[in-house]
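A single chain, nothing else alongside it, follows as structure tokens in the form predicted on its own.
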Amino acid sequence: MPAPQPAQVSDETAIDLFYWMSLTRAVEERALNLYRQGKLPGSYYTGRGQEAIAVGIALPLRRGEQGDWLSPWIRDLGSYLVHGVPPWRIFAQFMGKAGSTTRGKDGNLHIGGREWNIPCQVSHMADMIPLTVGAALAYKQRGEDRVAMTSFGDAATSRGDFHEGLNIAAVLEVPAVFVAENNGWGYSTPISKQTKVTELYRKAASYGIPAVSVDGNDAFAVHGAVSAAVDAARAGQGPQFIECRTYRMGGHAAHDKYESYMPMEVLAEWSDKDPIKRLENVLIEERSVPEGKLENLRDRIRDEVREAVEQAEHDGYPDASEAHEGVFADEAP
């Protein structure tokens, strides 16, 4: 069902949303340039146009090792930033440096750390859903006031682990929050070619999970829906599901020649719905935020990104003797 009208977002939270969304885009744009210069091996995956979701889902959660569980997917760089992963460690991760969270053992956004309560990704499909349900079950059994959240793309909802995870989450009534980012594409496959149920919230509703659908390019709508879902899960009302409607603004990754299959007229249409520009207009025209204040934030972000890249580039590579360290857990989490 469509989400109810979200509660009023304070000016302070609105500015926070703008800062984190703008930082997310600045980090991604710099990383993409580094990739094109050959300084980032592998490929690069961006969430351009989906920053309102990446930031909006992370802000309402409690942060830190004893906070809520957060398992974002590849389009949600902003979630990592909000929960405390320093930008330089993200650049280091893509460069394979010693300062990366995996100490050079993996690339891309396979970022994790107990200090942030973010698990290192197994994959970015639906694989993290059963793990998230397990974390939520642990919180419930221990009587802890915590929730577990994971996000994933529309194609993940066609996989078995999605359905198994949501089913058992509903049966056990665990405090889990699921966020489906319906951006219309699973690599080069349009959503209409991989599922008949293109309104994804209906899938969750069929398992008895309260589910809403929101405009994923509206930061206030995302933040409001997620805040309500987190509050409900924390209050013992069981799992919650949010569908965020958006559009993938490019290829699956930097190497993908999306122009061969993606309709350019649709891409242009969604460009006009850019979530950062949309929020900026609201702040200036409806919240009377001075343009100078936003420009100061942009200057701060430029400095932060420049310093982060410099720190990552000066970081060393891990020693080969460390290759087997940290591969297996030596204590129970």
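Quick note: we count residues from 1 along the sequence shown, nothing fancier. Because the structure is predicted, anything quoted here is derived from the model rather than measured.
Heads up, the form predicted together with a small molecule isn't pictured, but that's what we're talking about next.
Interface residue among A233, V133, A156, A92 relative to the small molecule in the predicted complex, by the heavy atom within 4.5 Å criterion: A156. None of L81, M125, A228, V174 but one reaches within 4.5 angstroms of the small molecule in the predicted complex through a heavy atom, and that residue is M125. At least one heavy atom of N183 is located within 4.5 Å of the small molecule in the predicted complex. Taking non-hydrogen atoms only, H223 never approaches the small molecule to within 4.5 angstroms in the predicted complex. Although the partner is absent here, W73 lies within 4.5 Å of the small molecule in the predicted complex, judged by heavy atoms. The shortest heavy atom separation between Y187 and the small molecule in the predicted complex is within 4.5 Å. Picking from 101-109, 214-222, 148-156, 83-91 the stretch near the small molecule in the predicted complex, with a 4.5 Å limit on heavy atoms, gives 148-156.
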